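First structure 1, then structure 2: two forms of the same chain, each alone, as structure tokens.
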Structure 1
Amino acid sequence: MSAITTLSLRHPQGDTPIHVGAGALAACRPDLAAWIEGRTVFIVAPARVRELHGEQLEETLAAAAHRHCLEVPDGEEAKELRVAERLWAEMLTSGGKRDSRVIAFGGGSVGDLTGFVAGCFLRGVEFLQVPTTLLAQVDAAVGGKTGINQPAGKNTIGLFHHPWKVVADTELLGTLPAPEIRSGLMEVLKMGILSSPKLFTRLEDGLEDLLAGDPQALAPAVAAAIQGKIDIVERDPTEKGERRLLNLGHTLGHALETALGYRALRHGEAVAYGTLFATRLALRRGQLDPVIADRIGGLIGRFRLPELPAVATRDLIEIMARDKKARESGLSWILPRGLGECEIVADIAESEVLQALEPFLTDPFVG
């Protein structure tokens, strides 16, 4: 077992330890066993995750008085109100109490759903995040955001409910298909653009090894991305200001996901296209050095993204207007100014967005 990195996120609800590295789940077993000892425990997980990794929880779960596995769909299908309602009903009929424990065991969608369910159940019960995808480890599991989707937009219903602990075991990533690794690494790249030129350069120099999914190689990149997010979240825990920077690439990215029914692109792939578009906007407005823009576009190009499906420009504009990140004053954009520096820009006219978006949808890597 390699060394485990332990980080800490301070927030209004307390302090969340985050353990990162190959073998982190085994290393945390004594703490986890003490946390669930004598309690009723609900494990929220897709069938496939339990099949692949369920044995790694078995020894820890033996300390529980009662345990119930609550099966949910994988991916965005988990983040529906009907799924949350079913979980609440099952938890009540199984004897769930205010001091029961909930474990999110799966990808980012499972973590978002589980945190939302735990935060609302009996006005809030403790839960543990054990993210099993790279995307969830570097993004969704950290920061306390929870939520479900509505047909009109992604993550439009939710609350802030921080986990008791996050265990980001990179050994769990070994079963992921290559596109899932690529999707997660895009969120790592996002943090490099936002806050760490060193992390961005690490990706440039070692992208192929990281894309191969080696748990030891991924661990330091995961820890660096999480630390960058922690630094921002601690300064703005409820997304009133600076934390909105973490939405780099998500304004258009979420709109693409919604327009395409969450099927044609993985989340990280949609964010990659959204980041390319934000880079193009910044370049067109004279706010970004062309050399840096070329580095960002060149690195994203090496991810070998699936082709951007056809989607109507006007549909995207309408979806973005409904986005949860929008304010009464309009939609803000997160634009890079350099590596390690981004800004929130709120004065971009819809006509300017349209002028840039139409050619972008034809060829995202030109211009």
Structure 2
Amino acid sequence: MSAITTLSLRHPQGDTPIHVGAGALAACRPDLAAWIEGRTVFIVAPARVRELHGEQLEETLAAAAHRHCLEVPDGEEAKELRVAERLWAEMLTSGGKRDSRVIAFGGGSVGDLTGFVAGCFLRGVEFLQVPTTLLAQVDAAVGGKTGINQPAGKNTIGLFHHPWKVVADTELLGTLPAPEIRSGLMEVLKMGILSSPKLFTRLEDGLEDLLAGDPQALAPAVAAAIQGKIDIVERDPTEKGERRLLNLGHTLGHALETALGYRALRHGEAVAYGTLFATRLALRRGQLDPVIADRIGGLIGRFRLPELPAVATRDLIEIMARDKKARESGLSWILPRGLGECEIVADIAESEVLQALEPFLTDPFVG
């Protein structure tokens, strides 16, 4: 077993320790045993994750008085109100109390749902995040944002409810399909551009091992990305300002996901294209050293993203205009200024975006 790194996120509700590394779940067994001793424990997981890794989690739960597995649909379908309602009902009929324990065991969708369910149940019960995807380990499980979707918008209903602890065991990532690793690594790259030239260089030096999903190689990269997120979230826990930097690549990325019906590109892949475009905008504005822009483009190129599907410039502009109307503060762009430094640009004229976007859609890797 390799060394486990323990990080800590200070937030308005207290402190959340975050344990990262290959074998972190086994290493946390004594802490977990004390937390669940004599309690009713609810484990929220999709069938697939339980089949793959359920045994490993079960081994840590022997001290609980009662254990209930609450099965949820896979992926985004878990983040629905009817699923949350079913969980609350099952928890109540199984004797759930204010001091019961809840465990999120799955990807970001399971973590978002479980945090929301735990945050509302009897006005808030403690929950543990055991993220099983790379994206959830480096991003979704950290920072206290929880929520579900509404037909009118993703993540529109939710609350800040921080977990008691996060256990990011990189051994659990061994069963993830390669595109899920790539998508999660894009979030790691995002943190490198945002706040850590060292992390960016680590990706440049070892991308192939990381893309291969090696748990030992992934552990320090996951820890560094989480530390980057912690630094930002501690300064702006409720996203009043600086935390919006975490949306690097999301302005165009979200428009691409919407235009392509959330099917052709995974979230991290859309963010990768969005980050390339933000880099191009920064370069065109004379705000970014071309050498740095080349390094960002070169590294994203090595991710071997699926080709950008044909999408009309007009459609993207319209979706971004709709997003802009939906926010009282307008549409913002996160633009890199260097490695480890980005800025929030409140508004960029549509004509400027259009001029950059047309050639970008033809060839995202040139310019």
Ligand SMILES: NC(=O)c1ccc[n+]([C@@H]2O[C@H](COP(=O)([O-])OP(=O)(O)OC[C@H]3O[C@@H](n4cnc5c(N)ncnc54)[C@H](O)[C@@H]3O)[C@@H](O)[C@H]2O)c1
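Rigid core here is just the name for the largest C-alpha set that superposes within 1.5 Å across the two forms. What you see is a predicted model; the values in this text were computed from it and never measured. Residue numbering: sequential along structure 1, first residue numbered 1.
Note on provenance: structure 1 matches the form predicted on its own.
Once the larger rigid part is held fixed by C-alpha superposition between the two structures, the smaller part shows a rotation of 11 degrees. For R285, the Cα deviation between the two structures after core superposition amounts to 2.8 Å.
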